[in-house]
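As a starting point, one isolated chain is supplied in structure tokens, in the form predicted on its own.
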């Protein structure tokens, strides 16, 4: 009888929440997430919509007073252009090699090395590696132009000449090599900082346990450190891929898409040249917007692929705890 009384009292206390409580449950989360949603709407969502709308018109300097809706003609023009495949290939070369060799590969190697040496030495090394990132872009590009200049001025030639390598202007002879290296030394610093922070965040007990079990340094890296930093690796790979797809700053400063016919022209630089910096003066906003819209689609596809490859659903899944 007493147990039934307690159950009845608990049921009486579970009163349907009032409209004020319901309103508070809705408005409180909206208050915190509202500013972020507003910024995303203004600076991301609306620009994408405007870009797609402009890509469906013939907007240019010549038609600015009489803009017409042309539908998918700009996209058809991209498909039929003889330069499209070349520029798309250049983009994949630029993003692929810069990402794997520097932005992720070298960044991960440097973070592993600098966390397995005395902390003061590792911190000093990482600090010096940040210099390219904080150097103004124009100064940084001029430095690379000087480094790769023809003999006797180029520092690269001065180092390679004793090995019997013919001196040359490397920016003209091997433009992709210089462009990827220049971008890579800047991009490496970002991943290096993220990976180093993630490695320091690993509980030291895991590493000590592996050491007690007789694991070597390479085994600790393979079986303890790398699995524990899957999240940061996914973030760096995805972020740097999207960043490289949209960036053309150093290519513009070093080669401006040359030397020659679209030698180092990537998709984002091609869109910039068509929409904002045409040699003939007739900048084509509609065509450039179509190029930018395709770049957005490529970025979305790359992000989905990364989420699949890294098994994102498993990383965010709730831990399975067996209750005995």
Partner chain sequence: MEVRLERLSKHFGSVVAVDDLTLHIKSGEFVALLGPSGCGKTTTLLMLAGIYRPTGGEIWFGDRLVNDVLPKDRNIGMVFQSYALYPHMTVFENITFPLKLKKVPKEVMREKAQRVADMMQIGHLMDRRPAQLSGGQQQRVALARALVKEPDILLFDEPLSNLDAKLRLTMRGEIKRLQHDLDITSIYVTHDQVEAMTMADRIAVLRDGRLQAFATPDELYNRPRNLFVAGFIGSPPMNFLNARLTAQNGQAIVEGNGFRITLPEDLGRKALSQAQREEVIYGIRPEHIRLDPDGEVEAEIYVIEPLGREDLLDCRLPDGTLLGVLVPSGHGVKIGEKVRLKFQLDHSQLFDPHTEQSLLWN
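Numbering follows the first chain given and starts at 1. Worth saying up front: this structure is predicted, and the values here are computed from it rather than measured.
The following text describes the form predicted in complex with the partner chain, which does not appear among the structures shown.
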Segment assignment from 109-117, 190-198, 232-240, 212-220: heavy atom within 4.5 Å of the partner chain in the predicted complex: 212-220
Please tell me which of 131, 224, 93, 160 lies within 4.5 Å of the partner chain in the predicted complex, judged by heavy atoms. 224
Answer key, the partner chain contact in the predicted complex at 4.5 Å (heavy atoms) among 206, 176, 185, 125: the residue is 206
So in the predicted complex, does any heavy atom of residue 72 sit within 4.5 Å of the partner chain? no
Whether residue 228 contacts the partner chain in the predicted complex should be assessed with a 4.5 Å heavy atom distance threshold; does it? yes
